[in-house]
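Shown next as structure tokens: one chain only, the form predicted on its own.
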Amino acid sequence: MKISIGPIQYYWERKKVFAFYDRLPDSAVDIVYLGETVCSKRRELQLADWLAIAKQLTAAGKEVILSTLALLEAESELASLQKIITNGIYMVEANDVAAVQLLAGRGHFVLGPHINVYNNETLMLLHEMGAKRWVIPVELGREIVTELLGNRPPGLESELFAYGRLPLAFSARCFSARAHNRPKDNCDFVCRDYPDGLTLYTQDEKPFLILNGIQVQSAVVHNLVTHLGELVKLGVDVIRIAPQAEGMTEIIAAVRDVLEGRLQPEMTTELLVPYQPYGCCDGYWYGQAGMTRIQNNQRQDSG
């Protein structure tokens, strides 16, 4: 089983982005997804910068995929999408149906987690259009995933989001700007002040969601590391880790150690606690509320 690092979902300053990827060549990661997937206004890096990072990672033996926006709202975003699709070197992860349509017939591409694929008929259609790998939607549970993987088209790779804050929704409204009483068109890039997003609390002061520009995430970290043995048996080809501001070296190492038998899965529970400030969850995997944590078949409320 391979390990992938998904695209950075937050708005990090340019220096921090380059520093993050400078550490990956010596890591146990096999696949790296690059690019902006949340907001087109975030322009710390241009396509040329992403391609330069991709070249560095490819030279280190990593497979590089260029990711696209999950929500397209303007002609300029379509133009940028076209440039990514026609880069001529790297495979593309489609996170919007517009990207799928433009990629169809051009060769292989990756179906991102934001493409709603819930049955094998859809999988077959998209595979025939050129999809080489399918990133399973985060809300699908074990039973549905088992059925889909058991009947997937031959040659279609599967990738499962296994660690990180759950990407829950996107909107034309910028939640980070609104939280600071600023309009979206004059946001002053306030999301850059929150390297892991802005926490939204309930009225009784419990962490509930993370506001990240136009994206909403879970406050708790989705953690299927203790389920890696099961994922291998199901035939998952790649597990995805989402970037976060701190602890990536330790998280990647823990996942690789579990996969290679140097670390028992249950030992990661305590090991990863410092990188889960609001706790973790695995409810979706059991077909229950996503924010729920289930351990030893006992339901526990997260947070």
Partner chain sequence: MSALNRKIELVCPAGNLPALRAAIDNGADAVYIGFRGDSNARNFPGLNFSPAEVLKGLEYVKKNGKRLFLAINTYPVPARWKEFVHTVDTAVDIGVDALILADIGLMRYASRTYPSLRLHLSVQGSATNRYAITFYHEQFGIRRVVLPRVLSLAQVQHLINKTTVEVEVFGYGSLCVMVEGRCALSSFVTGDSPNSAGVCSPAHAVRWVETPSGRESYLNGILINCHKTEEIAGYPTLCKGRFRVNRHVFHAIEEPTSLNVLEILPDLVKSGVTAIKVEGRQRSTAYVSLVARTLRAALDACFADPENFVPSIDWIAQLKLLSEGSCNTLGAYHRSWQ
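Positions refer to the first chain, counted from 1. Model, not experiment: these values are computed from the prediction.
Keep in mind that the form predicted in complex with its partner chain is not shown, yet the notes after this line are about it.
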Name the single residue among L156, L228, L200, M91 that comes within 4.5 Å of its partner chain in the predicted complex, judging by heavy atoms. L200
I have N120, L126 and L148 flagged as a candidate spot, so tell me whether each of them has a non-hydrogen atom within 4.5 Å of its partner chain in the predicted complex. yes
Report yes if any heavy atom of Q82 sits within 4.5 Å of a heavy atom of its partner chain in the predicted complex; otherwise report no. yes
Using a 4.5 Å heavy atom cut-off, state whether I144 contacts its partner chain in the predicted complex. yes
Heavy atoms within 4.5 Å of its partner chain in the predicted complex: does D193 have any? no
I'd like to know whether M291 contacts its partner chain in the predicted complex, with contact meaning heavy atoms within 4.5 angstroms. yes
Taking its partner chain in the predicted complex and a 4.5 Å non-hydrogen atom cutoff, the residues of 82 to 100 making contact are Q82, N95, D96, V97, A98, V100
